[in-house]
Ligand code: NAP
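Consider the single chain below, provided in C-alpha cells and representing the form predicted on its own.
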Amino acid sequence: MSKSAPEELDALVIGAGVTGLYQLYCLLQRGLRVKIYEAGDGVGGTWYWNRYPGARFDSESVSYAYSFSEELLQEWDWKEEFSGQPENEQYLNFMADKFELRPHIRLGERVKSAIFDETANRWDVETESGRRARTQHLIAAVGILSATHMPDIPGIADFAGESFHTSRWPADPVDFAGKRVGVIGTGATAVQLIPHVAEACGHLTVFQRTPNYCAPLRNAQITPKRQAEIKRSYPEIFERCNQTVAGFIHEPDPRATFDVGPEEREAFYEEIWAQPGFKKWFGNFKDLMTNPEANEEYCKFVRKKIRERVDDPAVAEKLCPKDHYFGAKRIPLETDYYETYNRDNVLLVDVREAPIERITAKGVKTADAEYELDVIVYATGFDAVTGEITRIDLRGVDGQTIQERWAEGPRTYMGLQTVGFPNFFIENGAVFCNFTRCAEVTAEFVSRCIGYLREKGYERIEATPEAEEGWTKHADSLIKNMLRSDVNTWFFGSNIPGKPRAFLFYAGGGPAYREKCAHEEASGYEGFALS
C-alpha cells in the first residue's frame, strides 16, 4: 500500500482482541472518530492467533464473558463450562457484528511506528503496509501474551521438517498422522496441546525444562437447564467476580492452613481438587501465597496427585516440581495431561539433565542424543505484557523511545500511562486478574477520562512523575511478602534474556484498582497533568 493521507482520528486503538473491541465500543458510544488497527486478518486477539489443538479458557466461560450488555449475555449460549478456541473466536466476532464495529476496524495492519507531535498534541501512526493515521489519543490494547518468544537455540533455520510456534498455528489443521513430533516447552500452552498431539501422531517427544504444578480443568458441556440457570445468574456471577481479588468466582478459604488438623486439611484439599477450574488455587487457604510452610504442605498434596497418575515412577518424578511454590508460576489447567506420559508413543526428555545444544536438519540434538523429528512445535511462550509495545517504534516527548524509557523495566502510573508519552494509554492487563473483568474496568476508565478531557477542553494528559513514582513503589510493596516474588517466571519477564526483572501486573486486585480509578475520576485526575 502506497503512502496516503493520514486518517484524522480522535482515538486509535491498537489491537482487536477482548480489550480493543470493548474500548472501540465505548469510544464510539461517545461519538468519537475512532479506529482499530489490527495486525491479524480477523478479530479476536489471543483467540484469533492461538488456534492450536486444545486451546481454551481456563476461566469459567461465564466469568470471562463481557458483562456490559444484557442483550449480549442473553443472546449468546456457551457450549462448555471452559470454552474452546473456535467458540471463543466466534463469540468475539459475534460481539463485533452485534455492535456494528467492523466498519471501524482495519485488519492486516500491524503498527510499525507512532511518533508524538508535541506542538499539536497528536500521534502520527504508520503501519507496515503504509497506512497512516493522525490521532489525539493512542491506546495500546495489544494483549499480555501476544509477542511470540522464540528460544535462542542454534540451528532453528536448519530444520528440514515442519516447525511453528503455538501462537502462530496454521489456519488449516496440521496432519500429525504417523509423524515424529517434538514439542519444546511444558507451560500452560503445551499442557493443553500435548494430549491432542500424542493421540494424533506416530511418536511424540516432549522436551521439558521446568515441570509445572498442573491442576485438572474438569470441563463439562453446558446443558439447556444449566444455560437457563447461567442466564438468570449473570448479575450474581459478575458481582461475585467484582468482590474477589483476582476477578474469579473463587474466594479464598478464610482459614489459615495450619488452623486445621492434618486429616481435615487433607479432606479440604481433596474437596477443592475435585472442583473445576482455579478453585484449587484461588479457593485455597488464605495463606497459600504468603506462608512457605503452608504452600509446601499443598505442594506435597499436588505431587502425590501427579505420582498417582503417572505409571513410571522415574517419569513421575521428572514431572513433579520441586524448585518453586504452587502459584508462583501460572497454574496450567489440564485434561489427561499426566496420563499422556503413560502412552507407548510418548517420551519425556529432561533438558535440565541434558540441555538442547542445537536444532539440526533432522531434529533436536541434546547433550545426550539426537532426536529425529518430522515436526517441531515451539511452545516457548511470550515476551509478556510489554513485548508487543516495545516492538513498535514508539517515540514520546523529545523523541524518547519506549525502549529507552523502560530500559530498567516498565514504569507506569496505574499500568495505564508512562511519563513522557502524553495521550498514550496502555491497556494490556494492568491488574493480575481474570482478563475480561479487568479489561472492562480499564476500557471504561479510559473512555470516561477521554470524555472528561473533551468536555473540559483539554488537549493533553500525561502521568506526573510523582504519581508514577508513588504507584511504582506501592505496586512493588504489594509483592514483597508474596511467594511468587523470588521465582523466575514470565510474570516478571524472567523468561526473556536481558529483559529487566519487574512484576508486570498490579497485585492489589480488582476491588482496590477500581477504587483507585474512582478516586482519580473524583479528584479530576490528580495523578495526571492536564493541559
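The numbering used is simple: start at 1 and walk along the sequence shown. Just so it is clear, the model here is predicted, and its values are computed rather than measured.
Not pictured, yet referred to below: the form predicted together with the named molecule.
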Practice task
May I ask you to choose, among Leu453, Val351, Ile222, Ile230, the residue with a heavy atom within 4.5 Å of the named molecule in the predicted complex?
Solution key: Val351
Problem - Option touching the named molecule, based on a heavy atom within 4.5 Å in the predicted complex, out of Tyr325, Trp78, Tyr413, Phe382 - result: Phe382
Practice task
Please name which of the stretches 66 to 74, 30 to 38, 469 to 477, 45 to 53 has residues with heavy atoms lying within 4.5 Å of the named molecule in the predicted complex.
Solution key: 45 to 53
Practice task
Answer yes if any heavy atom of Ile153 is within 4.5 Å of a heavy atom of the named molecule in the predicted complex; otherwise answer no.
Solution key: yes
Handout entry: 4.5 angstroms heavy atom contact with the named molecule in the predicted complex for Ala190
Key = yes
Exercise for the section: Give a yes/no on whether Thr186 approaches the named molecule to within 4.5 Å in the predicted complex, heavy atoms considered. Expected result: yes
Practice task
Would you please decide whether Tyr506 lies within 4.5 angstroms of the named molecule in the predicted complex, comparing each non-hydrogen atom pair?
Solution key: no
Problem - Contact set, 306 to 339 vs the named molecule in the predicted complex - heavy atom within 4.5 angstroms - result: Lys329, Arg330
